[in-house]
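Read the single chain below, which is given as structure tokens and is the form predicted alone.
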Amino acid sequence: MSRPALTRPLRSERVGLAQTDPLRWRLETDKVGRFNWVYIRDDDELKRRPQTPYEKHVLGLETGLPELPKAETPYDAALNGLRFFKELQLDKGLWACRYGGPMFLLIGVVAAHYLTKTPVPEEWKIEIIRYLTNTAHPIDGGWGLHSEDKSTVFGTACNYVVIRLMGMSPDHPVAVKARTTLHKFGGAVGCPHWGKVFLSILNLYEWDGVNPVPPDLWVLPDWVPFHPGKWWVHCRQVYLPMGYLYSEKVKAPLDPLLESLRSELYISSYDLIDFSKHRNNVSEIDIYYPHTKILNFLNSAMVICEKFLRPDWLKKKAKEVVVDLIRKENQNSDFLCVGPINNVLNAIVIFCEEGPNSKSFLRHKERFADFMYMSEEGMLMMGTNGVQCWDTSFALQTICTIGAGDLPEFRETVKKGLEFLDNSQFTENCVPGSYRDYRLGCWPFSTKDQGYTVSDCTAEALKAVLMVQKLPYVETLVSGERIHPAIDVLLSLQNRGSFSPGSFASYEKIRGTPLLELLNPAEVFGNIMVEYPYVECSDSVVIGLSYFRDHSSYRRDEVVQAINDAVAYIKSEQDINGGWYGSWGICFTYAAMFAIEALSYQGEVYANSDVVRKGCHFLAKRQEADGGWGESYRSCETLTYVPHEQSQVVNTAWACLALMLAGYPDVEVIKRGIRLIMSRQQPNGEWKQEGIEGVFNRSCMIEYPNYKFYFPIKALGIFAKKYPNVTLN
């Protein structure tokens, strides 16, 4: 069940919570896409810096944008949507967004502030409490793994701690309701692994009750099959600092507030709990990926080894190796790190190693703000430092695809977007010895500073750059010589040998066997231990390389072979019903759009391809009575298509795009979807936020709010070009 749509008055208003003045918030950005929300108290500065339409839009204020002439045709609707969306572009050329959804992130940044005695800005405290109040479950008052999830011990325990550390009284109705739910679940002893770690850091749980996170693994030779360097990058970068904190048993000094929280989080006295007996105690409502027998055996063995067999020299050596790798991660990402969890954990490690006044720790403190996002509901922590490059690439592609790049009113939008992608391309590789692949010439998911390239992000940015630079009024900013290294990296990322040959994973080639998933300790996420082949990543690379193939002869034979091998992989991943499982969006509709677009670039369409026909029939059978498509996030969890409670504009756009690119012969099916998209468009050209759009690791959903703009615009524009003489009524 999805949460109810945002309605006024907000829950925070109904319970009388304090709120900052939304007119004083501003979003500061730079040419490589860093954005920070700042609260301006000086009235003169407010006058010098009026709020932009984007700031007003995401803060729930009137944007001042006009109502547009009613769209009579799909192309009119596409242009109206684009006219609204272009006003959300920031002055440095990028589109920003609220990359929220996960509800286990705020505990990290709050713990880092609390342990290091770094003051939290008062405006953050007020708005974090507002956000958690407004996203609490409407019935039981708890929180889940993500914003549309049922309440869980992980979400409820961690966010209860957050609201208390941010200043909410334990007697406030919001706190009482959440605590009651937590106690019904049996208290915080049933937290999964990551929750136990954060509670231990805050001295609200004992490290004896945390399953081992041995930093010693980093001392092993690289050739060992389970060496952490072979793990998926998010997994290894989270467990890297976590290993240090576990080994050193880092915890905040106990104070009266923490003492009080110890009595609030549990249903029995803290001092009477034998935490060592709760290492494997995970609430049934939380568990998504249960422990294997081999993991339980190894955990027990490591506890014994740590207590009785581990020599001091090994502990010291492991600590040195881990700290060195953390410093390299900081250098490669300018202290942003791959994501918010390892960002805050790395900051705590650096604080422990170098002290509060070191340059490294001070830079970490500056970077906390890069993950914080101010919204109408309050302040949240994002899943990365943004989606800047990804969103901007798709926005530019959409403008060019529907022919709007030729219209004078969108030319500045296009040129500014290209300038941002130009500034976002990586110009150097990572520090040697940091277990990172080449990135020179590639593009990131978020920003150049963040330092991580992803296969599909590079491919989609490459396509966007090539499309935009074909326009006659656009200067060539990214030369062929700068594009060639991106092609080199993309070709190097294709999986060969026994690991899903022809496929592309996310950040890197697959380095380790999927059998390592038997050691997955996280309990709430699936498929975290190693890189996996992804249909969407493979699709995007096929699309990007195909577009490049048609524009350049550079490494032509290898490019063609890479495309052919990836296409074979994409076909092999189609299930018996004709669908493709989507790992990064919800879910089968998302993957179908990418897969069919990739196949269409090779001339495979409904008329000549059994695979494409099956894909189209899969979608057509799942069209709703109102003409739209609506897919629930439960599809991601269950690996089978689950309908949403109602049609969704984004799912509908994805399905329509797939059917149009395939040349599906029953145009009436597509017309009904297009009518649904047009019917949901607002008078100013926008679409309202509906269900959550994205996912990672099968179980955690995440927001991509700009999807509701550029994918519907693209669907409407392509329909108008493909069926110019078809009427909707």
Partner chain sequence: MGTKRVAVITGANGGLGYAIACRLLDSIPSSVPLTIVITARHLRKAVETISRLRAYAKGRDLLTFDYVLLDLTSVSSINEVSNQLLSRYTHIDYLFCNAGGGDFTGIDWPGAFVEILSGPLNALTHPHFKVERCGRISRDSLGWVFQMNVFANYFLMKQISTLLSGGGRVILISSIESRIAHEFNPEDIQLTHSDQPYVDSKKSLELLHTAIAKRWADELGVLIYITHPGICHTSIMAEYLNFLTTFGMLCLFYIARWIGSPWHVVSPYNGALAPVWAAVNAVPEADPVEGVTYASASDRLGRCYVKRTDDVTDEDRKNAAILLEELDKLVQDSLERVRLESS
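Since we're looking at a predicted model, the values are computed, not measured. Residue numbers count along the first chain shown, from 1.
Another form exists, predicted together with its partner chain; not displayed. Remarks below refer to it.
Candidate site formed by Pro102, Val250 and Leu254: none of these residues places a non-hydrogen atom within 4.5 angstroms of its partner chain in the predicted bound form. Between the options Pro311, Gly480, Pro138, Gly603, the residue in contact with its partner chain in the predicted bound form by a heavy atom within 4.5 angstroms is Pro138. Contact with its partner chain in the predicted bound form, defined as a heavy atom within 4.5 Å, holds for exactly one of Glu284, Glu412, Asp557, Glu366, namely Glu284. Of the candidate stretches 619-627, 72-80, 122-130, 650-658, only 619-627 has residues whose heavy atoms lie within 4.5 Å of its partner chain in the predicted bound form.
Proximity of Tyr569 to its partner chain in the predicted bound form falls outside the 4.5 Å heavy atom cutoff.
Under a 4.5 angstroms non-hydrogen atom cutoff, its partner chain in the predicted bound form lacks Thr292 among its neighbouring residues.
In the predicted bound form, none of the heavy atoms of Phe85 sits within 4.5 Å of a heavy atom of its partner chain. Contact annotation: Leu362 falls outside 4.5 Å of its partner chain in the predicted bound form, judged by heavy atom distances. Annotation for 161-186: interface residues with its partner chain in the predicted bound form are Lys177, Lys184 [heavy atom within 4.5 Å].
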